[in-house]
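A single chain, nothing else alongside it, follows as structure tokens in the form predicted on its own.
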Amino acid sequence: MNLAMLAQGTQAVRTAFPTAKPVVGLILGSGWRATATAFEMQGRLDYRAIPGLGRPTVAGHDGALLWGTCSGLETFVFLGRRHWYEGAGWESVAFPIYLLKTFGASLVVLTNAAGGIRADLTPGTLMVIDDHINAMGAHLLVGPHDACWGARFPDLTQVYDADLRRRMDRAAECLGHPLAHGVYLATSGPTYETPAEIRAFRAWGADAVGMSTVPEALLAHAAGLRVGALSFIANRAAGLGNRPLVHEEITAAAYSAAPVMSRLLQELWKELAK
């Protein structure tokens, strides 16, 4: 991984936001961009102006770093993410975590849209990620080790912070909208899974499937940040529904739930502020 490029990108952010001191990071995945309205914004920087990040190539990922506050917590909000399948390398995927660590943030909340495998994970469900399965066939810590990512062999017994998961549940209870919990499996994409793969993933213990989140989660955990993650179940996984999977329909389903997702994040930030 090109750490010099990541450092250059970090300097670009320091130049744009010289007084920023974020304590929290939020990465908004497919369909989650409307939730950025929960934050009082102090600055915006296009990804194209940040070396090592660059503009996303996926519809629904705007590509801007927002500097804002919610419940008094200064936050870097990443409006869209880069994916491994975009072919830009691991730097663009790792940069948000590197930036948060360098700026001294203590935790990150990751979001995504996912396909439901478990029977009760129907479209419209919000799921707290309790654990994950990395089925991407790649790992962003492969290569020369750097101490900024913690130990050479990170322990992944508890990637997703138990206290953050409890706070997510309390935030949802305040809204009368209980959350599901489950195991998220990440594939490399960009193809959706085959029905046979979904049957195999279910046998492995996966409850939902997507193409992101796991790289950021394991890197943030290795680097010493507390990690929380939420999936919006936008569709039934391949072979479990009655129609082909289409990206535009999946993101549209997530956009329709934006009011609930925004209120959940507002309540979660209140919990974090405690």
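Not measured: the values here are computed from a predicted model. A residue's number is simply how far along the shown sequence it sits, counting from 1.
From this point on, the text means the form predicted together with hypoxanthine (HPA), which you will not see here.
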Non-hydrogen atom contact G29 with hypoxanthine (HPA) in the predicted complex at 4.5 angstroms: no
Exercise: L264 in contact with hypoxanthine (HPA) in the predicted complex, heavy atom 4.5 Å: no
Close approach of E91 to hypoxanthine (HPA) in the predicted complex, 4.5 Å, heavy atom: no
Heavy atom of V209 within 4.5 Å of hypoxanthine (HPA) in the predicted complex: yes
Segment assignment from 62-70, 213-221, 230-238, 32-40: heavy atom within 4.5 Å of hypoxanthine (HPA) in the predicted complex: 230-238
I250, V24, V13, A257 - the one with a heavy atom within 4.5 Å of hypoxanthine (HPA) in the predicted complex: I250
Among the candidates A114, I129, L110, I97, the residue which, in the predicted complex, approaches hypoxanthine (HPA) to within 4.5 Å (heavy atoms): A114
Partner contacts for 179-201, taking hypoxanthine (HPA) in the predicted complex and a 4.5 Å heavy atom cut-off: Y192, E193
